[in-house]
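As a starting point, one isolated chain is supplied in structure tokens, in the form predicted on its own.
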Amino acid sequence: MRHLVTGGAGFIGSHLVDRLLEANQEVICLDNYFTGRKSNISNHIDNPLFELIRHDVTDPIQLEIDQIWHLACPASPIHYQLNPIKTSKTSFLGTYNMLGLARRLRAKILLASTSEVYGNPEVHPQPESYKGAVNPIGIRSCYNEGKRIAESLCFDYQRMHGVSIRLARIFNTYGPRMIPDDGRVISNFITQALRGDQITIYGDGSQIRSFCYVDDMVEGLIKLMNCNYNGPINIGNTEEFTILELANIIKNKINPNIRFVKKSLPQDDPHQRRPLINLAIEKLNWKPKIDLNTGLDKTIHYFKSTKKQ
């Protein structure tokens, strides 16, 4: 198999590249390095099964591949709000171009969608059948609505052209290779604590989240690509914590003397977010194995090691 991984130098993408190469698969990594980093995949440069192409998915590209893993899109609030028009273009044009490639080659394509399609949910936990509560004109809409139109494109290509699609709705994921201070809560808390800064809590900290370690996430994506189910599937951890609980866990692991500082909640920040994963258990025989305590230890160790470099 020859695999194309868009966003392959990014956080989740680079871990996926690792797994595919470990299985002796050919991998083409496509990335424009907006949020991806060469250091994430530099250890594969001399691997004859690996090819790296600097390319923006909003521009068409012609390649010969068997499977497309479409992960390209900034996923953290700081990055996707930096240039919201570019984010929208990446979601629409990037997915349009990859679906066109999949159609031409009769290749299977997996879209990395997101729990953000559920918006600030009024249903908890969120099943795949939930239509969401999204603000179409808010500051997060470039990403939320971008992923919703990307999902729509996938199903239209399936209905009109018979393209074989897989659709993962990815919930909060964490682990090594996260970008420090990228607006994601775990990376923010860890980097602030390691610097000895106050930990920033937005709102009152009662927001509910669940966190999936990146190894579990990649395993779920691989199982999804290899299954016969083509509807949306939630992939995430069901163990939930409040933001304040998470902050205290990280504080106690790094520096118990650090204090918290509270700031206003950003616009459209969801109060609750946790996946219902019955479909993933049934269709993929998948559920997360790594608990938050273990995953945080691995992630903190990574951030400490990169800080020393």
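Sequential numbering from 1, following the sequence displayed. In this text, all values refer to a predicted model and were calculated from it rather than measured experimentally.
Note that the form predicted together with a small molecule isn't included here; everything after this is about it.
Picking from 150-158, 222-230, 128-136, 195-203, which part of the chain touches the small molecule in the predicted bound form when contact means heavy atoms within 4.5 Å?
The contacting stretch here is 195-203.
Exercise: Ile61 in contact with the small molecule in the predicted bound form, heavy atom 4.5 Å:
Outside the cut-off, so no.
Just checking whether Leu49 would be counted as a contact of the small molecule in the predicted bound form - the rule being heavy atoms within 4.5 angstroms.
Because no heavy atom of Leu49 falls inside 4.5 Å of the small molecule in the predicted bound form, the answer is no.
Is Pro121 part of the interface with the small molecule in the predicted bound form - any heavy atom within 4.5 Å?
Answer no; every heavy atom of Pro121 is more than 4.5 Å from the small molecule in the predicted bound form.
Contact label in the predicted bound form: Leu279 to the small molecule, heavy atom within 4.5 Å
So Leu279 does not count as contacting the small molecule.
Decide if the three candidate residues Asp18, Pro176 and Asp215 all line the small molecule in the predicted bound form, where lining means a heavy atom within 4.5 Å.
No residue of the spot touches the small molecule in the predicted bound form.
Exactly one residue in Ile165, Cys142, Val185, Leu105 has a non-hydrogen atom within 4.5 Å of the small molecule in the predicted bound form; which is it?
Flagged contact: Val185.
Residue (of Asp66, Asp269, Glu245, Glu26) lying close to the small molecule in the predicted bound form, criterion heavy atoms within 4.5 Å:
Residue within 4.5 Å of the partner: Asp269.
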